[in-house]
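Quick heads-up: it's one chain on its own, the form predicted alone, in structure tokens.
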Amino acid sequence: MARNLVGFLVLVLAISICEAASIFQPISESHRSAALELFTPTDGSFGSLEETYEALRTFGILGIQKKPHIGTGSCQSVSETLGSSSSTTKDLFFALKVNSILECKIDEAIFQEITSRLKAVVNDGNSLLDFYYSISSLALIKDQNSKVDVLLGDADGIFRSIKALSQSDGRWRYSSSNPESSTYAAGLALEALAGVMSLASSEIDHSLIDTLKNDIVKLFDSIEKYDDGSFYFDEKLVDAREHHGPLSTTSAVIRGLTAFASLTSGTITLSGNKILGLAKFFLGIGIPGNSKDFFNQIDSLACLESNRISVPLILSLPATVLSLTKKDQLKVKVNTVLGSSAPPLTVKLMQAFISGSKDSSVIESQELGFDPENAVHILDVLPKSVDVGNYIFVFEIVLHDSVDKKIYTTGGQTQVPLFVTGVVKIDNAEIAVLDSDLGSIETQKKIDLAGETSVSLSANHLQKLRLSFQLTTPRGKFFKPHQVFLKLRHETEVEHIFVVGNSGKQFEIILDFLGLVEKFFYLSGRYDIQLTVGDAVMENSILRAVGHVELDLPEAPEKAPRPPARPVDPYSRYGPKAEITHIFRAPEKRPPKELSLAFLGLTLLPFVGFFIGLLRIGVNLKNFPTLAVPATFAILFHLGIAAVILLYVLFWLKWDLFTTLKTLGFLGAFLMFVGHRTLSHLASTSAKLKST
């Protein structure tokens, strides 16, 4: 039963997650906390200027004040990169990006030199990346130093050179020699063309700009959509050197689109729903796990926040679960993607219907009140027609000012899943034992399922057990939960689970023990009764022991099924074993201390006799070698003999036999070597004396 309950809760959680996927929340404090964790410098600096720019840009957009101090080291890196003749256009681009935020002190001469190099790359450029990095860098220099001439003399020709890489479907090629087109490259191209427009010394042909607007519309015709209303671009390039996923591809397109829209006059005919869908895509991914994706998310949302086409407004609910018992209010917030306040507007609740049944509408067109202090739209009291259950609420945002309607996009009606919960009332709960033949009640007891209850019953195989009760919602209507189970558990831990059905407005189950004797394996004895009533919208779900019943069942026939073996507790199989306590044998009785000392004295007598014998005989040291090398070997030989004697003492006092023999092996080899050298010297000396 516990496993079934866990499965039910997992199912409810999965449903909640799937439903919550269509609820989009603007950027919040959780993103600011994640930014400080993802962008962590090492020794006061990041790995590259690209990472430095992404961190600084993210901190700036999110308004993070307590950011890591990276200014000094980054400015030094910017100066070195801009002053180096070996720096690539990409290196210069990100160095200028960082400098646009930190405003490092760069000499005007360096800007002049870089400008000359970049203009040469633009004039000789033959790939999209060359144009992108060089033109974007010139645009950055224009903003950082007004004294440097960065204007393009042949802006119209450069515009045409970049436009020549475009394709009929709105995508772009990286170079004329590469036939493959890319959606990611389209974003880079739009950003580069926006840079050309900002650097043009003369007006660019309007027909080229109009053609580019049509290319953007074609590009958006290939946009893809999720079921939750979010839109995104995916990279269709097959043989690319570097594949870009939907997040980076969509981010590149948004940067290029907003950059181009900010510099062109007139309008770009794009659906507001698609712009809102792009915002939903970036908000729907939550908080990315790496810094690159996080930067793309935040930077793209910042571009959407201030774009000239249409600024998306996000409708969100602080709480998607409302309690009828607690009289919760329906609250709705409308903000921009970065959480800024929305212009004056009204939120209307157009419709609310039970999930999965659009025809059963419970609310029709209600206007929500506005709380200016908390900037939320509120429906004070849910109508009587709204009971516990899973609903879909349909909202519509109406802007007050006609000018705001041209600036912002609301996406029309927004559907939001909502759970309405409450305490379900349990009435007329009874449990009874019935006679099988007549159906008369032998024992009947009231039970309190909302409180503590414990009944004691007894029955035999010719009787029945009946359990009945009623469930009522806070609105007084019949309530049918997702799961209603009755469990009987024998004292041998054999469990039997039954589904409790409903007839009309009453839940009832009747167990005929005569037909269940085989299912019960003819096991007589005590059965604990447990009732489970569970639902996602039921605040007082039940998992409660009702009592027990003593069953008297007949003896099992010879071929009757046997009860299953008890499940093995994994903790008993793989858990820690019981500690093994070993009892050692009691030590033998030792002899008296005096006897041991006497025996020690007897063992030392031969050693004493040895020294006495040496004194009696007279030790002769005349033959002891006098030369240095033989004398050294002779001394080592005698020291080895002394070491062997010391070894015997250690064996007697402390060491075991194996340690002693191992050490004796090394000493024996040593004694053989030095003894052989000593005896060889004595033998040669003796031979010389005899020959003379």
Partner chain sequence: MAKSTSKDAQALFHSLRSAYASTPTNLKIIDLYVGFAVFTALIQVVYMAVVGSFPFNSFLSGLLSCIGTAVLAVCLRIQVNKENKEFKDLAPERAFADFVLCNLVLHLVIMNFLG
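Here the structure is a predicted model, which means the values were calculated and not measured. We call the rigid core whatever largest set of C-alpha positions still superposes within 1.5 Å between the two forms. Numbering follows the first chain given and starts at 1.
Another form, the form predicted in complex with the partner chain, is not on view; read the next lines as being about it.
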Candidate site Glu588, Leu602 and Leu661: all three near the partner chain in the predicted bound form by heavy atom within 4.5 Å: yes
Just one of Gly451, Pro606, Pro570, Pro372 has a heavy atom within 4.5 Å of the partner chain in the predicted bound form. Which one? Pro606
I need to confirm a contact call. Of Ser596, Ser385, Thr492, Ser176, which residue comes within 4.5 Å of the partner chain in the predicted bound form, counting heavy atoms only? Ser596
Location of the partner chain contact in the predicted bound form, chosen stretch of 637-645, 24-32, 49-57, 624-632 [non-hydrogen atom, 4.5 Å]: 637-645
Please determine whether Val674 contacts the partner chain in the predicted bound form, using a 4.5 Å cut-off between heavy atoms. no
Verify the contact flag for Tyr574: yes if a non-hydrogen atom of it lies within 4.5 Å of a non-hydrogen atom of the partner chain in the predicted bound form, no if not. no
I'd like to know if Phe666 sits close to the partner chain in the predicted bound form, meaning any non-hydrogen atom pair within 4.5 angstroms. no
4.5 angstroms heavy atom contact with the partner chain in the predicted bound form for Ala578: no
Can you name the residues of 666-682 that have a non-hydrogen atom within 4.5 angstroms of the partner chain in the predicted bound form? Leu671, Leu679, Leu682
Given a core-based superposition, decide whether the C-alpha of Phe478 shifts by 2 Å or more between the shown form and the other one. no
Determine, after fitting the two forms on their core, whether Thr603 shows a C-alpha shift of 2 Å or more between the shown form and the other one. yes
Is it true that Thr659 shifts between the shown form and the other one by 2 Å or more at the Cα, once the core is aligned? yes
